[in-house]
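Shown next are two forms of a single protein chain, provided one at a time as structure tokens under the names structure 1 and structure 2.
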Structure 1
């Protein structure tokens, strides 16, 4: 017997992430991915049935990693306000530390290449956020409007905020941008 090598699969995924981010999806042939990953064409198709399968796997992974990063220490916070602020800081921190993964998510979130099921699985990681908003409304911290709408705008605003924070290299400047942005979001939501 011989076991599948996690190394090669990881190499393929990592290389694909970089190349997709730099050259876009359609601009990155599988031949280039395998070449850069130091692997034969056939090996790529041994680990991933199709190119689409590779993309999907990558998308699922990155999305789930992002979701996990966002939850970090969330249960330590008591109020909805503090939870949301922690969440925002986590998200911004992860985005700034992982610009390639962020760009990948942005670039392909709307892409027809990513299967519907991957999209749905991607969203499922963030459903707990809606509950968070719901709780905040119940105890009067958050304005009483449709929670899914609130959540949707909040997510977009956060994504715009991170994109804007990435424009500067100065960490202090970034901190300030993120602080102001999170204020914006909180003032928009609070009761």
Structure 2
């Protein structure tokens, strides 16, 4: 049996990311992914049994990467406000550096093409947010509201904030946009 090549698998995943965000799931045949990745279709199926398996793998990976980026340095912050601000800056920075991955996450967040198990695993990477919000509610820093609804509002606000920040190439202007946006998000959440 031949050994898997990480380079080929990475090429397939990178190509699939680009094509899925440009063309959607139905508009992206595996033959096109293979062709654009420079591998045979049989090679694609060596790494991913089905197109659904490919999208699930990509979804899990992107969600994990985003969550890891978001929680960097949170343990250094003391208050819910500071933790949420750090989280927001991390999320914005990751989204600005990875616009295709952000678009993929948004595009497939509620997609029937991503399996239930992949959705659940993807969301499991963000469980730390629930603890953060519940601690903030318990400490009287955050409004006593349903955390899952708050997450939806935060995710939408951060998505819009990142999209707005991507409209400029000026780092100072981006920082200002992100700072103002994070202030706005915090004022909507604080107790």
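None of the values given here were measured: they were computed from a predicted structure. C-alpha atoms forming the largest set that superposes within 1.5 Å between two forms make up the rigid core. Residue numbers count along the first chain shown, from 1.
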{"property": "Structure number of the form predicted on its own", "result": "2"}
{"property": "Flag for residue 145, CA shift 2 Å or larger between the two structures after aligning core", "result": "yes"}
{"property": "Threshold 2 Å Cα movement between the two structures at residue 166, rigid core reference", "result": "yes"}
{"property": "Rigid core superposition, residue 177 Cα moves 2 angstroms or more between the two structures", "result": "yes"}
